[in-house]
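This document opens with one chain alone, in structure tokens, the form predicted on its own.
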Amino acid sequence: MSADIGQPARIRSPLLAVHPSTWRTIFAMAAGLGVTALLILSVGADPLTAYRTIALGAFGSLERVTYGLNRATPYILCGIGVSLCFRAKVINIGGEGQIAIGGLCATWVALTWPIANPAIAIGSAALGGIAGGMIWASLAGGIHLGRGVNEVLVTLLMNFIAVLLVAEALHSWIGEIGAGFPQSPMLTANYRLPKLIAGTDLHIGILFALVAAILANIVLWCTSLGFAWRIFGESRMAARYAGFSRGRLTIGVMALAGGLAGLAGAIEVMGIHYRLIEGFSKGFGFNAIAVALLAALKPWAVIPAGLFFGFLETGTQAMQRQIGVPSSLVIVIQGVTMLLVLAAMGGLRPKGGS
């Protein structure tokens, strides 16, 4: 007879079945709210009012939601590339420069080739941005492999070079004559991204980001190339024993990440500003690193992580405008929230394809 007969049945609560990492993340976010409440109190504002303003600023209207989605698009695209690079243990922190070069190349295509068909025009400019980002990232990978320079240093320094190249272009051959701010001429209507929802600012770039995340997840977990990147990241010795080329894998993953970042730059130009402006890529690349880490380096998880960061930024900007919180404190609030969440996930290693 079973020993369980006569004993009360064990009922497992669904709450207890939640993965411990989920609880750690929830507790970290709660701690973040507590810490930021103290910061908000320090400037004489009411934390409850501030949090209400953040929520309404992010989700209070269709306009705010569309702004958050547009803001999250470059985070998702660049974050996918960062997650793939980190999976292969190639530390690419050059997303900001790759976005800048992608925007520059897309603008050059749009201003140089007056294509009448909107689909062909947008596709050409997007391909120009992708190509620019791929070339810029591949150049960083080539310097790393050819000269033995650490890829962190190379990609970091190339960010500054890219930003300066964009500034130089806007002050010379691609700049709008007589403009009071360094910017290019406006793009023609056929080079502007269509709106996803009529009457709003939401463009189709978010669809590109979602498709890119799905395809990247398929490549990582369902192809021999993704398998090679994962082996390369786990053990250089095992990858060499399996016959994988270090140079090809490094340049390949760098080029893919650069292409995604370049596409993000093209989307910012064609979907948000309708022109190239100085400093348009500021912050996107470095924030995308936090997005990738928040997603535990899983391409599909970059989608909710990018949305979280996009809406958090949208809400805190609204808080700054409406209750007078200093802009520097807004950056601190964002940083503290992300830092605590990442710290809670610090002991987790990416496992499996889910």
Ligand SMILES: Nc1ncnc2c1ncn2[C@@H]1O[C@H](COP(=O)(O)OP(=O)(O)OP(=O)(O)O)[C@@H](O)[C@H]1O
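Residue numbers here begin at 1 and follow the sequence given. No experiment lies behind these values; they were computed from the predicted model shown.
Note that the form predicted together with this ligand isn't included here; everything after this is about it.
A.B. asks: Only one of 93-101, 228-236, 110-118, 280-288 gets a heavy atom within 4.5 Å of this ligand in the model of the complex; which is it?
C.D. replies: It is the stretch 228-236.
A.B. asks: Quick one: from 221, 244, 274, 86, grab the residue that has a heavy atom within 4.5 Å of this ligand in the model of the complex.
C.D. replies: So the residue touching this ligand in the model of the complex, by this definition, is 244.
A.B. asks: Wondering, does residue 203 line up within 4.5 Å of this ligand in the model of the complex on heavy atoms?
C.D. replies: Although this ligand is absent here, residue 203 would stay clear of it in the model of the complex, with no heavy atoms inside 4.5 Å.
A.B. asks: In the model of the complex, is there a heavy atom of this ligand that lies within 4.5 Å of any heavy atom of residue 176, even though the partner is absent here?
C.D. replies: Heavy-atom contact with this ligand at 4.5 Å: absent for residue 176.
A.B. asks: Given that the partner is absent here, does residue 195 sit within 4.5 Å of this ligand in the model of the complex, heavy atoms only?
C.D. replies: Residue 195: no contact with this ligand in the model of the complex.
A.B. asks: Any of the heavy atoms of residue 240 lying within 4.5 Å of this ligand in the model of the complex?
C.D. replies: Taking the distances in the model of the complex, the answer for residue 240 is yes, it comes within 4.5 Å of this ligand.
A.B. asks: What residues of 136-170, in sequence order, lie within 4.5 Å of this ligand in the model of the complex by heavy atom?
C.D. replies: Residues within 4.5 Å: 144, 151.
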